[in-house]
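Considered here are two forms of the same protein chain, supplied as structure tokens in two stand-alone entries, structure 1 and structure 2.
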Structure 1
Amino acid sequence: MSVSRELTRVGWIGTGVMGASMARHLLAAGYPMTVHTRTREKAADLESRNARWADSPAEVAAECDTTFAIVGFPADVRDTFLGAEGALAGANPGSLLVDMTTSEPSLAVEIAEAAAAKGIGAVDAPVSGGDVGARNATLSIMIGGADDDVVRVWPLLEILGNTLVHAGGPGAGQHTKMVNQILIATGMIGVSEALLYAQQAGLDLDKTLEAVSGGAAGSWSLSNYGPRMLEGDFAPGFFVDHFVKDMGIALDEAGTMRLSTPGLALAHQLYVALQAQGGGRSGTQALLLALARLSDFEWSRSR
């Protein structure tokens, strides 16, 4: 598989915590880039690295072979791709649209169908790995789309992550991401309740974490978020607000499929409580604080 860099101009829409790092990797790899984002100053760093500014997603897509977006909510995804000034309105036949936002599987299918009607390819490629994964280009990327389209975008995605899985047709990347989020959601309840139990029982928290991390109770969340909880560090790697969005999508999809997911539903509600308590811009590990508050209990390690 070879890519002619002279021909491949890359479009980038969305320069949040994730998107800014990812776009920089593509620039560093030598791809000419056109960028758009809602607040232009957030693209200043990319512009200083020779990315060209465009005033709308449509203008980005009009001058690019492959246009990526990583924005916030499904409504933003809809605007970005299907709006009057959206990427699809400007894209040329034969070009490719790639949504890396975690968004609705059904919307990914809708975008792919609308694109196909104009001879344009579309791929959904949500990621896992957070701000650190974006910065270090170690993201896991879950890809849905037609084989031809996925083959075309593969070399670009390889610059952004180190685990790429082509899960199936349009929407399959989003569904795989939902599987990922269901696992994290329920797991975070367990990590939170376990550490609160340990503190209430008077156990040494560091020793307890060490004792249970290596065995059958071990998980990535326990090893990575457990120490932050013990430090009282609830700063965002991944925002609660975004996680609530993801869980809402998963619950809707599961409902549509007539699948009851009580663990996911509980996690969603506990995170909604955390939002209500003002924790929407905290990191997902702040679930611990919502569960502590439920029992009117002070987490002693809070900063």
Structure 2
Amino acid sequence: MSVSRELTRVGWIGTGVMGASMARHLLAAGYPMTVHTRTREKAADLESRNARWADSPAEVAAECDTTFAIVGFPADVRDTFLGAEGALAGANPGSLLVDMTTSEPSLAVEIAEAAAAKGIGAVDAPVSGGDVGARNATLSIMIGGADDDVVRVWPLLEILGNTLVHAGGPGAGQHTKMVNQILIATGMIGVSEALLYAQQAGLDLDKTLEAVSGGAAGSWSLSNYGPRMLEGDFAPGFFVDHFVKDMGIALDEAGTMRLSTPGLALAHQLYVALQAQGGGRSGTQALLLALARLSDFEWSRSR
């Protein structure tokens, strides 16, 4: 698959923890870019790299062949794509809209249907890998959409990630991301409880992490978040607020399927507790702190 970089102008909406890094990769690959985000200062680095600023998603899409967005919540996705100044309002027939936000599968279908009515393609392509994956272009990308639309966007997605899977039609990427989030949700409970146990048992935490990471207990979360937890680094690679949103979507979808997911429900409640403790803007690894408080002690690797 190939595209002409001279003829493909890329639009990018959303320059948060992950979006800014992803947009930089496309600029570095030679694609001209038009950018929009709610706070223009957050696009300053991209503008310094010759991205052009636009005042609305509609203006971005009007200038671009392919318009990406990675925003916060489903309401943001709806406004970004379907609002009066949304991307669909400005997009030209034959162009392509790509939502990389983790959002509702039903909304992905709605966007695809509205786009198709105007002769515009739409793809849902949520990602996994956090800030590290975004910076290193090693994201896993779960893709939903019509075959022709996915073929068109594939070369651009290859710049952003190293695991790309076309899961099915519109909404299938979002459903696959829900599977991903369910796996992570309960896994983070295990990582947090295990490290707290190690601390209370008086173990050397670095040696313990080394001992268990390479065996059957190893996981992406343990290898990537474990070292941060040991250092007391709870800065967001992925916001707790956004993870609670994702788990809420997964619980709603499971309810629609009449599927019981008690592990997911427990993880959701523990993360809601972390939000209540003021941790909503922390990274998901901060679950460790909420669980420590349940046992009435403070996390400290030196303990």
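The structure displayed is predicted, hence computed values, not measured ones. We call the rigid core whatever largest set of C-alpha positions still superposes within 1.5 Å between the two forms. Numbers given to residues start at 1 and step along the sequence of structure 1.
- Matching the description of the form predicted on its own is structure 2; structure 1 comes from elsewhere.
- After superposition on the rigid core, the Cα of I184 moves by less than 2 Å between the two structures.
- Once the rigid core is used as the reference frame, the Cα position of T208 differs between the two structures by 2 Å or more.
- With the core held fixed, G218 shows a CA shift of 2 Å or greater between the two structures.
- Taking the core as the fixed frame between the two structures, we note the C-alpha of L195 moving 3.1 angstrom.
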